[in-house]
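Take a look at this single chain in structure tokens; it is the form predicted alone.
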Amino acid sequence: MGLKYFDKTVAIETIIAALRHDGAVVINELAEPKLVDAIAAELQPKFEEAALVKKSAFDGSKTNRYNCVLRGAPSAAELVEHDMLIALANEILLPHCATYQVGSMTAIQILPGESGQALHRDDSLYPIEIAGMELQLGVMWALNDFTAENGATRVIPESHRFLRSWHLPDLSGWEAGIMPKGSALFYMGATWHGGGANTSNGPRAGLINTYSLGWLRQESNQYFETPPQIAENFSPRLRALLGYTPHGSGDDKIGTFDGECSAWVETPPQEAWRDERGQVAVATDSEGSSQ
């Protein structure tokens, strides 16, 4: 038992196995330093604005949060649709849906003096639970070094195996996700976790993105947070991840965006997802030919 750390060159099968077994895994220095610095610079004024917003006990009185990430920090697009994320989400989420989507995006800055956040599961917003089926996959990107002193995210390895209706894991068994800038902590929606206490002299900044099964309601309304006039600047895959795509039926591309229509539909993040997974039946006539 314990949080496992891997280099970004490790085989994806090894990472997937660790994620399935432990419920969380860290990939060290997955994002390039220049990209991380650009994102942090774009988010800093947003953190300063968030400091004026009233805080809840759960969010923390000394924690700044900003949700319209792609509006304020367009450089973050590369992380939201990172190839490693797609590879992991394909394995964890895609067996249970036709497409998956961004559930929420939140930039988080934990300031000195903040106490530890209550440990929780991200998927608790959905009033359903099916053993063996993950509803969400999350990733915390470190925008600066995460240390035990500045509030590194705390994770309880293997806690995703506990059905919340019946069991509560040992909440004292958490482990701090200590990782250098540019690293990523991937975790299941059912994995218990929470921000750590910041006893250092500087802030801890991270970007946390969740991805949910496509047939679930997104936690945050991405059409408001990233409306079409902003989403049109991103790739088709990212637009689809934001929700600008059908789920489970219809043509791969059934519409375009003309600058005025708000019902813009894009191609799925990866072509032929449904066909590759055997999730779309092909009707045949009595002679056995396709219709």
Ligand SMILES: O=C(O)CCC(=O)C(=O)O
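It should be emphasised that the depicted structure is a prediction, and the values quoted were computed from it without experimental measurement. Residue positions are given as counts along the sequence shown, with the first one as 1.
The form predicted in complex with the ligand is left out here; the points below concern that form.
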item	value
Whether His82, Glu225 and Leu241 all lie within 4.5 angstroms of the ligand in the predicted bound form by heavy atom	no
Distance check, Arg237 to the ligand in the predicted bound form, heavy atom within 4.5 Å	no
Proximity of Lys46 to the ligand in the predicted bound form, heavy atoms at 4.5 Å	no
Contact flag, Asn90 vs the ligand in the predicted bound form, heavy atom cut 4.5 Å	no
4.5 Å heavy atom contact, Thr153 to the ligand in the predicted bound form	yes
Among 95-103, 113-121, 156-164, 126-134, the region lying within 4.5 Å of the ligand in the predicted bound form by heavy atom distance	113-121
Heavy atom within 4.5 Å of the ligand in the predicted bound form - the one residue of Ile208, Ile178, Ala77, Ala197 that qualifies	Ile208
Answer option from Ala73, Met188, Met140, Leu143, heavy atom within 4.5 Å of the ligand in the predicted bound form	Met140
